[in-house]
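What follows is one chain in structure tokens, specifically the form predicted alone.
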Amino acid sequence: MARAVSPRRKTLTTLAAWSVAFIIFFPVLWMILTSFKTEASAVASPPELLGADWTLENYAEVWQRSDYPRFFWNSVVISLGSTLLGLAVAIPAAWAMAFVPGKRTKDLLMWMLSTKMMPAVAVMIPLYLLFLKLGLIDTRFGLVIALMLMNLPIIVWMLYTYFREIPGEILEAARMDGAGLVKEILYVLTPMALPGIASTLLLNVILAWNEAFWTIILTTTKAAPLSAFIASFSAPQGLFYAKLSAASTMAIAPILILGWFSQKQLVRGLTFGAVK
């Protein structure tokens, strides 16, 4: 039987949660507010809030100086493409690890996870030279492959966790009814794990969208996504904080909107199988 929670404790817990959420979100909020200030108000000391000069000129100048729709479309193609390709590779791999485990399955999973602990700069030069030789520098396809490989361990781990919660007897029943491997995965396993697959897709789209290191290293102009769009506003003359904040707000706005409308699906998927 669940222990009753007192109203006071519930109120304190709620206030603590909102406080932590506000602290985490405050830098984003400050960036959005700065994007509506003039450059003089943005660097004023002490910081100006109520008495600042509010303007939309930063957004107008950012839009005029850059081809925002092209950067946006590149981000959409790269983030969705790398995630969908990762799912196509990870679903069969997670199925094998969850339902046909071998002696070294856990070791393999730990090895895959350990690759995320390696600094990205450690493989920057060999990967750059490999992409240069293959002609994949500054191409969407090259970035799709790179980001898929970077996020593949996370995709496999998440799907493996979800698949482990599905009773193996259901898949055995499908085999007895004549379902082959492909039909078993497509028509039995995938629908049952759909909440987990959806949350994995959403989380990895966010990770790919926010990736800055590889997108700046492996692109110049043609395939540059929104992370490169932000970096383009760091001028040699210095940082123009108001314009840089406007560019950053325009870059994160789509993913913030996606996260807001899909938060229930994310929570449902991330807690899939957590409660028995």
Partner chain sequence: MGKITLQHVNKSFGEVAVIPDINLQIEDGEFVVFVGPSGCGKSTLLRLIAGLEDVTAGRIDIDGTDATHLPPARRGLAMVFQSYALYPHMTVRKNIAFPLKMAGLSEEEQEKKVQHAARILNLSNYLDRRPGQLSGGQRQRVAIGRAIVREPAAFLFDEPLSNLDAALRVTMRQEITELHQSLKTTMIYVTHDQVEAMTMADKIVVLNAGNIEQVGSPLDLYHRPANLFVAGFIGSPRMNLIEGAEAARHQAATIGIRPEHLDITEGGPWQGTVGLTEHLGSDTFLKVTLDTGELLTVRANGEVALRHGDRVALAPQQGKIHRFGPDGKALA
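Owing to the predicted nature of the structure, the values given are computational and were not obtained by experimental measurement. Numbering follows the first chain given and starts at 1.
One more form of this protein, predicted together with its partner chain, exists but is not displayed; see below.
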Worksheet item: Among the candidate residues Leu80, Val188, Ala198, Leu136, which is the single one with a non-hydrogen atom no more than 4.5 Å from its partner chain in the predicted bound form?
Response: Val188
Worksheet item: Leu132 near its partner chain in the predicted bound form, any heavy atom under 4.5 Å?
Response: no
Worksheet item: Can you check whether Val76 is within 4.5 Å of its partner chain in the predicted bound form, heavy atom basis?
Response: no
Fill in: Contact flag, Ala173 vs its partner chain in the predicted bound form, heavy atom cut 4.5 Å
yes
Worksheet item: Wondering, does Arg104 line up within 4.5 Å of its partner chain in the predicted bound form on heavy atoms?
Response: no
